[in-house]
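Take a look at this single chain in structure tokens; it is the form predicted alone.
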């Protein structure tokens, strides 16, 4: 066995030891997805998880990494959905193109809102984002000539790629799954870049960040824009999956759900948005009979996370992993065969 082979094996063993839990988790998720895709209803659940993960990932960059709270994400979600639906249905724009146009328009509104938002903090910022979400909801609910009002928009075209129509939940999954992965990869690249480090500096201490020469307002606006794009993209994907939208989908409850998903999964983490989106989506489906108490359920979950899981589910897993590792090290025998 030559030296290159030995080095390759050693690198492979080191990679496995470092990432074995992630590899096992990905393998389990792939198997679970393959099983769920065999059923139309479960495939729909998978689609929702991917779409919600996209929206929550953008919210994490805004809240988790930049420290700007937003309870108006449903507004951007609605802008993406209605823009894509109207362009594709009324103007004949290909859905795959109208989806990204809807996301870009949501980004424009995100930048507009970000200018006053960048000067606000804490509850003042929360009130601004809540007001924005209510404004969007009021517009789509009252402007019947454009949005259909309370009746909404029906018959939204299906997405087609190179002549292949994604008409089923199973086929649509591949589109939303690929976009979800691309969004997560983009998020990782952002947080590992100079922009990501600036986001974290702004979150930790905006005054100190400004003293270091960081343009705080610029990075706050950038975070809002990215978050709005992700929410708009998710909304457009939702519209073409369900093929019907109405104002009832874009109430404050939707914004609360996005925040609940993020807090439950864990802020400022790579896997928190995925875990939170999956857990809350499944929980919501299981509790359909308690739909009237949805807001109350989200409030209770947020309180549980704040008091019992301050770092979310990901933080709990990290603590358990550290405890198991520490216990294993205590049991590991020393050089003389005695416990260390």
Partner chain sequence: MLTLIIGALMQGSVYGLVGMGYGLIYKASGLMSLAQGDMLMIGAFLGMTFYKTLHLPFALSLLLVMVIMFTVGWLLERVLVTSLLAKGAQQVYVILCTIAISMVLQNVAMFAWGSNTMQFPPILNFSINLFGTTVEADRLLVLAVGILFMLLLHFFMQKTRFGTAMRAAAQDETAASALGINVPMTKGVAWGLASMLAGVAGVILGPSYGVYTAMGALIGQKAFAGAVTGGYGNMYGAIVGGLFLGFVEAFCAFYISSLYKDFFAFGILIIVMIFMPNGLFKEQVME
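These numbers come from a predicted model, not from an experiment. Residue numbers count along the first chain shown, from 1.
The discussion below concerns the form predicted in complex with the partner chain, not included here.
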Complete contact of 77, 93 and 148 with the partner chain in the predicted complex (any heavy atom, 4.5 Å): no
Can you work out which of 168, 215, 189, 126 has a heavy atom no more than 4.5 Å from the partner chain in the predicted complex? 126
Residue among 69, 314, 37, 278 with a heavy atom within 4.5 Å of the partner chain in the predicted complex: 69
With the partner left out of view, is residue 299 within 4.5 angstroms of the partner chain in the predicted complex by any non-hydrogen atom? yes
Classify residue 132 as contacting or not contacting the partner chain in the predicted complex by the rule of any non-hydrogen atom within 4.5 angstroms, answering yes or no. yes
Within 4.5 Å, heavy atoms only: does residue 65 come near the partner chain in the predicted complex? no
Can you tell me if residue 271 lies within 4.5 angstroms of the partner chain in the predicted complex, counting non-hydrogen atoms only? no
Okay, which stretch from 134-142, 81-89, 222-230, 177-185 lines the partner chain in the predicted complex, with non-hydrogen atoms inside 4.5 Å? 134-142
For the stretch 252-268, which residues lie within 4.5 Å of the partner chain in the predicted complex by non-hydrogen atom distance? 252, 256, 259, 263, 267
